[in-house]
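Here you'll find one protein chain in two forms, each presented separately as C-alpha cells under the names structure 1 and structure 2.
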Structure 1
C-alpha cells in the first residue's frame, strides 16, 4: 500500500512539474495575443478595420477562456497546444486587423490629400476670378464658405480624421464650382460669335472714320485694359487704363460698376478744377442705344424698378492704381490724360468694346463649358 501511494505521489509530482513548465508557454502566447490586439487598437483598427478587430478580440477571449479551463483542471498536465493555438488565432487576426487598418488609413490619407489639393486649386481659381469678376453678396458668401470648408478640411487632415477632411474638401470644390458657373455666365458673351462680330464691326467703323476724316478717334478694349488713340486710321498711342470695378459686364444701370460698351463721343473737356479726377473727357452716355436697351430691360423685368440709367461716364485721370476701381469710367494716369488732352477735342469718337478678338476670357468660358481643366490663373 505504501509503495502504491509513493508511486502515485511521484507520478503526480512529475505531472505537476510538467504542468508548471507548460504554464509559461500558455502565458507567453496570451501576452503575444494581447499585445497584437493592443497594437491594432492603437492603430485605430476599430475605425479602419472594425470587423477584423472584433474577430481578433473574440479570438482573444476564446483563448483566455481556454487558458482558465486548463488551469483549473484537476489533472495537472494542461492541454497547452489547444490554448496556444487559440491565442495564435487571436494574434494572427489582430495582425491582420493592424495591416488592414494601416493600409486603409494610408489610402484614406492619400485620397484626402488629393481632394484637399483639388479644393485648394478650386478655391485659388475662385479667388482669382473674384479679382476679375465683380461678385454680389451671394457670390461673396459662396467664396467665404469655400474658404472655410477648405480650412476645416486641413484641420481634419492634421487630426487624422480623413473622412471629415474629405467631406469638407468636396464641399469646398462644390462651392467653388458654383462660383465658376456664375463666372461663366458673365464671361460667356466674350466667346459669343455675334457679340465678337459686333465689337469688331464697331472697331472697324471707328478706324475707317478716322482714316476717312483724317482725325483722331479712341478705341477702348476692356479685356486688354488699353485705350488706343487712332489718327488718320493709324494707331499712334496706347495707354494702360483702370476700369469700373465690374468692368467685365456691359453697363445696365446706375451703380452696377460696369464700364459701358458702345460708340460714344466726347461732349465736354474738363480741365483741372472742373473734375475731382484731375482732368476728364465726358462722354455722351447714355446715348440713344443705351436708352433703348435700358427701356427694354425695364419692360422685361430684368432691372429693379429703383435702378436708374446712370450717367457721367468719363475718361479721366487719377488712374494707374493697378486695379479696377471706378464706378464705370475709364481712368488714365495723370501724365497720360495730359498727353491725351493735347490730342483730342469735343466730338472725338470713343468706341468701347469688350475685346476686339477671341481672348483669354472667351477661352475660359469655352473650357468651363466643355469641362476643360481650370487653374488658379485669372481668365
Structure 2
C-alpha cells in the first residue's frame, strides 16, 4: 500500500515537473497572440477591418480559455499543443486584421490625398480665374467656401479621418467647378464668331479711318491690356493699361466695373487739376449703340430698374498697378498719359474691343469641355 502511494506520488511529481516546463510555452503563445491583437487595434483595425479584428479577439479569448482549462487540470501535464494551436489561430487572425487594416487605411489615405490634390488644383485654378474674371459677391463667396472646404479637408487628413477629408475635398472641387462654369460662360463671348468678327471690323474701320484722314486713332484691346496709337493707319506706339475690375464683360450699367466695348471719341481733355487721375481723356460713353443696348436690357428685364447707364469713361493716369482696379476706365502710367496727351486731341477716335485676335480666353472657352484652365496672369 505504502509503496503504491509512493509510486503514485513520484509519478505525480514527475508529471508536475513536466507540466511546469510546458507552462512557459503556452504563456509565450498567449503573449504572441495578445501582442498581435494589440498591434491590430493600434492600427485601428476596428475602423478598417472590424470583422477580422473581432474574429481575432474571439480566437484570443478561446486561446485564453483553453490555457486556463489546461492550467486547472487535475493531471498536471497540459495539452500544450492544443493551447498553442488556439493562440496561433488568434495570432494569424490578428495579423490578417492588421494587414487588411493597413491596406484599407493606406488606400483611403491615398484616395483622400489624391482628392485633396485635385481640390488644391481646382481651387488654385479658381483663384487664377478670379484674378482674371471679375466675380460678383455670390461667386466670391463660392471661392471663399471652396478655400474653407480645402482647409478643412487638410485638417481631417492630418487627423486620419479620411472619410471627412474626402467629403470636404469633393466640396472644394464642386464649388470650384461652379466658378469654372461661371468663367466659361463669361469667356464664351470671346470665342463667339460673330462678336470676334464685329471687333475685327471695328478695328479695321478705325485703322482705315486713320489712314484715310491722316490722323491719330486709338485701339484698346481689353484681353491684351494694350492701348495702341495709330497714326496715318500705322501703329506707332503701344501702352500697357489697367482696366475696370470687371473688364472682361461689356459695360451694361453704372457700377458694374466693366470697360465698355464700342467706337468712341475723345470729347474732353482734362489736364492736371481737372481730374483726380493725373490727366484724362473723357470719352463719349454712352454712345448711341450703348443707349440702345441699355434700353433693350431694361425692356427685357435683364437690368434692375435702379441701374443707371453710367458714364465718365476716361483714358486716364495713375495706372501701371499691374491689376484691374478702375470702375471701367482705361488707366495708363502718368508718363504714358503725358506722352499720349501730346499725340491726341478732342475728336480722336477710340475703339475698344474685347480682343483683336483669337486669344487665351477664347481658347479657354473652346476647351471648356475638356476642363482647360485659364492662365490668370495678365497678358
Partner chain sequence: MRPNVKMWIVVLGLAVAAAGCGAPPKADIDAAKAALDQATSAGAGEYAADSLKAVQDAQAALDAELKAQEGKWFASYDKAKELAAAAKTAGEKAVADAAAGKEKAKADATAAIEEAKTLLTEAQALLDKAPKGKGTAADIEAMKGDLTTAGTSITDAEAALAAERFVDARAKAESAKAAATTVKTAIETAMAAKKG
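Here the rigid core means the biggest group of C-alpha atoms that line up within 1.5 Å when the two forms are laid on top of each other. Positions refer to the first chain, counted from 1. No experiment lies behind these values; they were computed from the predicted model shown.
Between the two chain copies, the one drawn from the form predicted alone is structure 1. Relative to the superposed rigid core, residue 339 undergoes a CA displacement smaller than 2 Å between structure 1 and structure 2. Shown in the overlay between structure 1 and structure 2, fitted on the rigid core, is a CA shift at residue 312 smaller than 2 Å. With the core held fixed, the Cα of residue 44 is displaced between structure 1 and structure 2 by less than 2 Å. Taking the core as reference, the C-alpha deviation of residue 29 between structure 1 and structure 2 is 2.8 Å.
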